[in-house]
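Just one chain is shown here, as C-alpha cells, and it is the form predicted on its own.
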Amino acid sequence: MANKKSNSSEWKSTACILCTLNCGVKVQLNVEGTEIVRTKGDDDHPASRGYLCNKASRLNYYQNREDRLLSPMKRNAEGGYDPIDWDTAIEEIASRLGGIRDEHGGDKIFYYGGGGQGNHLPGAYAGSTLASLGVQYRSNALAQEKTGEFWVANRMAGGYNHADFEHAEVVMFVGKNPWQSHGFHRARAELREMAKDPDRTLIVLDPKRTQTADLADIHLPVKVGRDAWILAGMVAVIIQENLQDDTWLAEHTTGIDAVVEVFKNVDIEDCAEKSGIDEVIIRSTARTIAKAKSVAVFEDLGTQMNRHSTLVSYLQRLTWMLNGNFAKPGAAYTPNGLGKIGDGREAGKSPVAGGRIIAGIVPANTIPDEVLADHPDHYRGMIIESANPVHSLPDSPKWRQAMRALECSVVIDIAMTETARQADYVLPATTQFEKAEATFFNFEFPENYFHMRAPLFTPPEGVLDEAEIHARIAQALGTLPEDIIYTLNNALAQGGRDAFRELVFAKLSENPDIGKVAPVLLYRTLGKTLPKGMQNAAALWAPCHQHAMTNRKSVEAAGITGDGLMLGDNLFDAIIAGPSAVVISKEEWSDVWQRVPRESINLDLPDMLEAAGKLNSEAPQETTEEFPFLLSAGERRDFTANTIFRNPAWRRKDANGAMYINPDDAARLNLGDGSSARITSEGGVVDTIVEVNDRMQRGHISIPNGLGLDYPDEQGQLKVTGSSPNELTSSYLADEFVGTPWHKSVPVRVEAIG
C-alpha cells in the first residue's frame, strides 16, 4: 500500500463486499492501477444512491495484502505446505476426490461455501464440480444464521420476507443493530429519519443499549436469550385484547383459529417476568404495533444465534401478520430476484446426525460430527470455497480435528486462512476485484436490481478465478463434454447469439443432464464473447433467461424489452453492460401475492404453536454457578467485518477487539479499561483486553466478530490480533428445530489475569 497518488481522471464503479447490501461505490486507483486510493458512494446505484459507510472506505485492505496466496499448495508429511503447479494440483485433487466417489459414493464428499458476501458466482461454477462428483450435501454461513427464519417464512408465506422500512409507520428491530450491521440500504440515514419523524415509532428489542436503541422511541432491553417470551406476550396481547384485523385475516390467511386457541391462554404476566420487561410496556408496545397503519420488522443475528431462535422467527411474524402488514407500502413483501436465496424448503436430514436440511444446506453445528462419526455414511472428503469455517463456525477445536480426519480436503481462497492450514490442498483464487463478480442478495421492492461488477485489477501470476478452477476439475473428472463445447463455439462463430441460444435449448431438451455442468459450458463458450475480464459472468446467462421467462411483465416494466427468448438475452446484456446496478424488475404491491402459495398466508404451524404454548411452563436458566456470564460471541462494531479483512491495520479504533462488560461486573471482578481478562467456556479459553461499557446488562459480556486472525507483522512473522469467538462456542448448544448455534448466549466464566 505504498503509492497513494490517484489517477484522478477516472472513477470506476464497483460495490462493497463487506455485508449483504453490496452498496454501490466508486473508486480511484493509483497511477500504476494496483491500489484503491479513494472511495465514494455511487450516486447512480438504484438502491444505495451514494451512501457510503465507514467500512467500505477501507476496501484496499482486502485487495492489497501481505498474506496473498500465489501458488497451489499441498500439505506435506510434516504438516507444512509445499507449492505445486496447477496441472499437478488439479490432477491429484480430481484423482483423490474421484476415488472417494467411486469407492464410497459422491454423497461422502461435502461442500462448504459458494461465495462470500459479494462473490456468489463461485457457487454457480462449483455446481459443475459437485455434479461431476455426485456431491449431495452442502452448507454455508446461512446455516448458522438464517435457516430457521427461512423455514418459518417458507411455511407461512412461500418465501423469505423483507420489509419496506423507508415508509413504515412502526419499525421494530429484533436482535438487530442496523447502525452497525445495516441490513437495509442507507441504514444510518434512514434511522435518523425515523428518529426525527414524530409520526413514526422505532422499537428496538435488544439486551444492549445499542446505537440504534439510542434513537428508538421504545427500547425493550430483554434479558439475554429471552426474546421468545416478550414476543409471545405481545402476540397474546393482540389476541386477548381482540386487536387483530379479522377482516384481513379472513380474506388473506388460514389457521387463525389455531393461533387464537394457543394465545388466548398465554400468561402475559409470566412472559413479562421471564423476559425482564414490565407487563405494562409489553402491552403498550403490542398496542402500538397492532394499531399502526404499517409495520416493518427485521430480525437478525442477535436472536437468530440465540435460544428459541426459530420460534422467535414465527412469533415476530405473528406480531405484524395479525394486522395485515403484508403486500402494502411500509410492510413486508417477498422479493423477486435472480437467485433463490431464502428458499426455506425442507430437504431431508443430514446422513449421520440427522440435522434438518433447510434451503439445501446442512446445519452448521453438525458438520464436524458428520465427519468424525464412526458411521458408514460419514463425510470423507470436503471442498471449502471462499469461506473459513474453522474460524467462523461453532467449536473451532472440533473443526480442526474434523479437517484432519478427512481423506481429502480442498480449500479455494486468496490467503492461507485458519481453514486452509488444515487442508490437504489449497488453491489460490482471484480476489473479488480481479474478475467479474456479483451477489444474489437483492431484496429490494418495488424495483429490484442486479449488479455485475467489472474487474478493477489484473490478477497476479499464479492465481485462477473459480470459474477456471472448476472448469479444470470437471475436465479432469471427464465430465466436461468437449464435443458440445466445440459445437456451441461453432454456433457462436457462425450464427452469433441467436444460433447459440437455439442450440443450447435444443441440447438441453435432448439431454437434461447437460444442465449439471451448464455453468462451465457457458464459461468456455459464451464467456469468450464477453468484454475483456467479464468471461466468468457467463454463468448469469441461464438465470437471466429463467427470470425473464417467469417474470416477463416485471422485466418489461423495468425497461428491458425483447420478443420471446430475446428478453432473457437482452436482460443479460443490460446487466453486463451496466457499470452500476441495473433494475431488473419493477412491480406493483399486488404482484407480491403471486409468490404466496394459493395467495394465502398460513398462520398455523403446529410445531411452533406447541413450542409457544409451553413457554409459560418453562423455567429458563441459561447460566450456572461455574459459568455465571452469558457471552455474545461475535458482536458487530464500527470496525469489525467478515474475515476477508485480515490486516488489523484497517481498524481505526478498538484494534484488539475488547471484551465489553458492565461497570458493576467489572468492579466486582477487579477489571478496568485496558486490563486483561480470561473468558472460559465449557469448550475453551481465550484471553482478551477489557473495556468497561455501561451499555451492557449485568451478567452479559461481548467480544466482536472478525478478530482472532493472524497476519504478518513488519518482520513477516504471523501475529494474532484479538480473540477468536469460536474457540468458546459449542456445537451442541443450538436451536432444537434447525440447529442454528447459540453464539449470542454462551455460558462463560470471566476472571482477571495479569
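As the structure is a computational prediction, the values presented were derived from the model and not from experiment. Numbers for residues come from their place in the sequence shown, where the first is 1.
What comes next is about the form predicted in complex with a small molecule, which does not appear here.
> So which of 298 to 306, 96 to 104, 547 to 555, 72 to 80 is the stretch with heavy atoms within 4.5 Å of the small molecule in the predicted complex?
Replying inline: Answer to the contact question: 298 to 306.
> Applying a 4.5 Å heavy atom distance criterion, does Asn161 contact the small molecule in the predicted complex?
Replying inline: Contact check for Asn161: no, nothing within 4.5 Å of the small molecule in the predicted complex.
>> Given that the small molecule is not shown alongside this chain, does Gly634 nevertheless sit within 4.5 Å of it in the predicted complex, heavy atom to heavy atom?
In response: Heavy-atom contact with the small molecule at 4.5 Å: present for Gly634.
>> I'd like to know if Gln180 sits close to the small molecule in the predicted complex, meaning any non-hydrogen atom pair within 4.5 angstroms.
In response: Close contact exists here: in the predicted complex, Gln180 approaches the small molecule to within 4.5 Å, heavy atoms only.
>> Even though the partner isn't displayed, in the predicted complex is Asp413 close enough to the small molecule, meaning a heavy atom within 4.5 Å?
In response: Judged by the heavy-atom cut-off of 4.5 Å, Asp413 is in contact with the small molecule in the predicted complex.
> Using a 4.5 Å cut on heavy atoms, which of Gln422, Asn119, Thr285, Asn365 is close to the small molecule in the predicted complex?
Replying inline: In short, Asn119.
> From the list Thr310, Ser275, Ser386, Thr334, which entry has a heavy atom within 4.5 Å of the small molecule in the predicted complex?
Replying inline: Of the listed residues, the single hit is Ser386.
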